[in-house]
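Okay, here we've got a single chain as structure tokens, the form predicted on its own, with questions on binding and movement later.
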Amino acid sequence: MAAGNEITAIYYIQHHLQNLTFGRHPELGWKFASTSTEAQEMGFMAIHVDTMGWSIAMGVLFLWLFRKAGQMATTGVPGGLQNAVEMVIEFIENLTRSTFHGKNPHIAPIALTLFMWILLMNTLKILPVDYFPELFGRLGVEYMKIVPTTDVNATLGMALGVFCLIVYYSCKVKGVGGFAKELSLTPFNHWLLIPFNLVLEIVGLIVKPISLALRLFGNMFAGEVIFILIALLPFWAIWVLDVPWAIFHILVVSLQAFIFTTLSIVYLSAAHEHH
């Protein structure tokens, strides 16, 4: 009996941590993976459909909310949505002014988009861990992992976007030659140490998006695992542990969005600075 419960618990955890994957199986062709083994056999080009769908949905929700707030804006007594949107915009504006030291009107909108998009994706974690897998299971969908930031592919995608902006603005502001010179002559301004400088600077440049992605993924994935483990406990224990953890995780959700956004602004600020 104990062994059966253990197998059930292992299956439950694996099921809730498995993405809905679509790709080309080497033997079965194009299909949705019905097991985690099939998903692995589909290789690098397989798509996590749930990650893509929920991340796009949260992006659309962000655009809709802010557009709705703009349409409802009034100089009189503002409504709740307008108040919330104005608070977020003011918060991001102050954060950008205190962190970004260059001149670029696009940085604040980029920061706002990153913060709200990550915040909305993270907030999906507060929903009951069993609700959507069961709902989609009744519709014939085997797997459904609704929090995009618990998928390292999503966090790496956003981090690579920030990395591309870092390289783009470094080349635009400093010129390709200036950026290459910065990589070659920092931190030691001597031609003999150019190879050593290049190794240090290129590694440091590559580490930025990796650390951004893994920090967000690690914190959100760990929280997801704890929610799943709590769901395996007896009913009375679930309420004792789940509610405090959910309340605590509200702080984690917003904090991780803040950290990712702040570090992105810091990196983009460095891309605008001349050394």
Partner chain sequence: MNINMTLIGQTIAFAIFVWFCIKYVWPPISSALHERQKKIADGLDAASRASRDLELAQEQAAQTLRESKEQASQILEQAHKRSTQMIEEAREQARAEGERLVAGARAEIDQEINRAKEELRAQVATLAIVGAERVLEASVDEKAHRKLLDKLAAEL
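Only a predicted model underlies this, so the values are computations on that prediction, with no experimental measurement involved. Positions refer to the first chain, counted from 1.
Another form exists, predicted in complex with its partner chain; not displayed. Remarks below refer to it.
The chain is drawn here without its partner chain; in the predicted bound form, the stretch among 90-98, 190-198, 130-138, 172-180 whose residues come within 4.5 Å of it by any heavy atom is 90-98. By the 4.5 Å heavy atom rule, the three marked residues Gly59, Leu114 and Val152 all count as contacting its partner chain in the predicted bound form. Although the partner is absent here, Gln82 lies within 4.5 Å of its partner chain in the predicted bound form, judged by heavy atoms.
Within 4.5 Å of some heavy atom of its partner chain in the predicted bound form lies at least one heavy atom of Phe44. Residue contact with its partner chain in the predicted bound form: Leu205 places no heavy atom within 4.5 Å of it. In the predicted bound form, Leu17 approaches its partner chain with a heavy atom inside 4.5 Å.
The contact with its partner chain in the predicted bound form, taken as any heavy atom within 4.5 Å, belongs to Leu156 out of Leu156, Leu185, Ile146, Leu119.
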